[in-house]
Each structure stands twice: as structure tokens, then as C-alpha cells.
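First, one chain by itself in C-alpha cells, the form predicted alone.
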């Protein structure tokens, strides 16, 4: 007969193998999900648009953010990190990204939301490149699963423009 230690080792090895197989299946099952999130961002007001004393442009916005991210949630989703970024071009850089707002969505029930907010983080350009500038607002998300790899995507909303003059 086999000893107790040998039997315990065989049982533990079998259990870990089954757990690894279940984790792999859970990770692969997320590939079958085809999410279709929607979002809309409306700029309600430009609270201020000013040149800082050291020459940088700064903007404060009030926005309506509406999003339905429920399709991102599966049984394997732990949480979703979502943020809004302003994206624009300058002569020095082809892509500038400034994070304006972020949140962690813990459950599917919280994934359909509407919020009116001022930008949570400062919208500052290093230079005076924002006057009359066209920019995009982009809703980015990162899905954090219970097991498997994270994935990220975004929705780009274009057609926004800053004023020509400081306020």
C-alpha cells in the first residue's frame, strides 16, 4: 500500500491540475464574449480657460458622461477601470493625452451610469497650444478579470473645440 504522504501528494497534484485547467477555461471563455459598450460625453461648460503665470494653458470643463459598460462584464470580470482623456495634436507632439476623469466600476449593476462632473484632473498643456484647438474625448476602459489577462479598449468621440480666447 501507499503511504499517507504519497496519497496526499497525489491528491494535491490532481487538485492543482484541475484548478489550472478551470482557470484556463475561464480565461478562454472571455474570448467568446463580444462586448458592445456605448458612451456619450457632452461638454456643458468651459468653467475657465486661462494662461498660467509660467506660460501653460489650463482648462476646466463641466461634462455629462453617459456610458453603458454592462456588456464588458462576464462571470470572470472582477472590475473595470474607466477613464476619460482629452487627446489633441500640437506642433511638437503628434498625440497629447490628458486624463480628465476616472472611476472603478466594481459590478455590472454600476456599469450603466450618468454623471455630471468637472474634470477631476487638471487639463494643462505644456505651452500655449490650446487656443482654438480641436480635440477628442476618449473613454478608455481596462477590464480586470478574476483569472486571465486584462484587456483594454476605447471609444473616441470627436468634434470638440476650445475657444480662441482665454476666459
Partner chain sequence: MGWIGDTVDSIKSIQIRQLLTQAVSLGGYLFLHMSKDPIRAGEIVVFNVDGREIPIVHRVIKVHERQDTGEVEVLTKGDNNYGDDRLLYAQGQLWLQRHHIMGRAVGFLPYVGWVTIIMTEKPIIKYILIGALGLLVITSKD
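All values reported here derive from a predicted model rather than from experimental measurement. Heads up, when I say rigid core I mean the largest set of C-alphas that superpose within 1.5 Å between the two forms. Positions refer to the first chain, counted from 1.
There is another form of the same protein, the form predicted in complex with its partner chain; it is not shown, and what comes next is about it.
*Asks:* Do residue 121 and its partner chain share at least one heavy atom pair within 4.5 Å in the model of the complex?
*Replies:* Yes - in the model of the complex, heavy atoms of residue 121 and its partner chain come within 4.5 Å of each other.
*Asks:* Taking 4.5 angstroms as the cut-off for heavy atoms, does residue 99 touch its partner chain in the model of the complex?
*Replies:* Residue-level check for residue 99: yes, a contact with its partner chain.
*Asks:* Is there a heavy atom of residue 44 no more than 4.5 Å from a heavy atom of its partner chain in the model of the complex?
*Replies:* Contact check for residue 44: no, nothing within 4.5 Å of its partner chain in the model of the complex.
*Asks:* Even though the partner isn't displayed, in the model of the complex is residue 140 close enough to its partner chain, meaning a heavy atom within 4.5 Å?
*Replies:* Flag for residue 140 set to yes.
*Asks:* With the partner left out here, which residues of 114 to 152 have a non-hydrogen atom within 4.5 Å of its partner chain in the model of the complex?
*Replies:* Heavy-atom contacts within 4.5 Å come from 121, 122, 124, 126, 140, 142, 144, 145, 146, 147, 148, 149, 150.
*Asks:* Honestly, after the rigid core fit, is residue 21 moving at least 2 Å at Cα between the shown form and the other one?
*Replies:* Result for residue 21: yes, a 2 Å-plus shift.
*Asks:* Return yes or no for residue 161: a CA shift of at least 2 Å between the shown form and the other one, with the rigid core superposed?
*Replies:* No, shifts by less than 2 Å.
*Asks:* After superposition on the rigid core, does the Cα atom of residue 152 shift by at least 2 Å between the shown form and the other one?
*Replies:* No, the C-alpha position differs by under 2 Å between the shown form and the other one.
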